[in-house]
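Single chain ahead, by itself, as structure tokens, in the form predicted on its own.
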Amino acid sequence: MSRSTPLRDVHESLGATLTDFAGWLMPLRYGSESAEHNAVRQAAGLFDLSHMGEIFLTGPQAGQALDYALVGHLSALATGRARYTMIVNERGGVLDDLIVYRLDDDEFMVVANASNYEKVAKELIERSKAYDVLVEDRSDQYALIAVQGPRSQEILATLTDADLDGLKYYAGLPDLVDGRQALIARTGYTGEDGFELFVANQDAVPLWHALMAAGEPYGLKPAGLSSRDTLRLEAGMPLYGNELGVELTPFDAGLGRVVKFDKPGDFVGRSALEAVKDGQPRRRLVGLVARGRRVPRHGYPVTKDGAVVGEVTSGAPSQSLGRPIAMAYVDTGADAGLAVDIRGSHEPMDLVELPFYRRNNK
């Protein structure tokens, strides 16, 4: 039985197509996926992300506990700032990618993916036993609404007196939005400027309606998981289960920069990651742009001269490029002459640097 977010009735009233995602009933689309995608690129889109997990660490050694449990140097994070990081196992395999917010000197919030947050919470509890810290999974207490796109600040500014101009990328600010307490975070998964609003469950529906009303003059549209996936793909952002997984290290995914070996003390997976940090991974994550119109999809083989040299992890038509795109793991050294085997037809691909899309002011 799929779980529902506090906004399920709203999605149904808007005619959303609902689908199971990581055990949650979530809006796939409200109408046209391309219209929702383009709204985020050109104006703004409103997303329900309440399926994400929120895990809190509180106590005088919360920072040190996270330094040990995760690959990043979280004790060095300034209050009010956020950081992208990962949790790995002893072999260096990625258990999840995370965003960590420092809310106060002795309080952090770890945001985990819907499919993994229960596992992440258990790992954090286990890895924090030697530290003076309380770990609490408060995922059931929070809703998460994101407004993303170039006009998102204008829309949000009509509902809050918070200093949005002063809120930096990857920072969070507690303040009122439409008279309701929220953590306003300048983060997102679309490649656009935007905000993610963490609120109590009971505030989700009125806040959604307030944002939709405020955003109507600016072209705001509700947006589902389909457009979120094509937006993050254009932005070259990894999805756990596609570009990231327990059989891959951060270095395999080209994200070795998130691993901080210079932080004090040991951390889970350190020895395994040190052993591979200077090596050449067998495969690397690349961007592919199709020369034709056929769309490469997850799991399709990447070939060179008829031989398999990799596999597509994510693929979709790109509204911004006007051509199909994909991310794929390919053998190191396979740099040209690539194709994707789409139902027996080897469709030629151009290899490009990620991301496929950057917003103008980024």
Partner chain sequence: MSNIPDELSYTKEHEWVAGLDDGLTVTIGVTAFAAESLGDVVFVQLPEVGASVEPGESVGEVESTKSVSDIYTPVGGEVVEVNQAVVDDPSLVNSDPYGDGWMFRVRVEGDAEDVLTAEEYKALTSGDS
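Keep in mind it's a predicted model, so treat the numbers as computed, not measured. Positions refer to the first chain, counted from 1.
There is another form of this protein, the form predicted together with the partner chain, and it is not shown here; the text below is about that form.
Notebook entry, point to check: 313 to 321, 52 to 60, 39 to 47, 327 to 335: which one contacts the partner chain in the model of the complex at 4.5 Å, heavy atom to heavy atom?
Noted result: Result for this chain: 313 to 321.
Note to self: Although the partner isn't part of this model, could you tell me whether Asp229 comes within 4.5 Å of the partner chain in the model of the complex, counting any heavy atom of the residue?
What the structure shows: Yes, Asp229 is a contact residue.
Note to self: Can you tell me if Tyr300 lies within 4.5 angstroms of the partner chain in the model of the complex, counting non-hydrogen atoms only?
What the structure shows: Judged by the heavy-atom cut-off of 4.5 Å, Tyr300 is in contact with the partner chain in the model of the complex.
Margin query: Can you tell me whether Asp67 touches the partner chain? I mean in the model of the complex, with a 4.5 angstroms heavy atom cut-off.
Written below: Asp67: no contact with the partner chain in the model of the complex.
Next item on the list: Using a 4.5 Å heavy atom cut-off, state whether Val295 contacts the partner chain in the model of the complex.
Entry: Output for Val295 is yes: heavy atoms within 4.5 Å of the partner chain.
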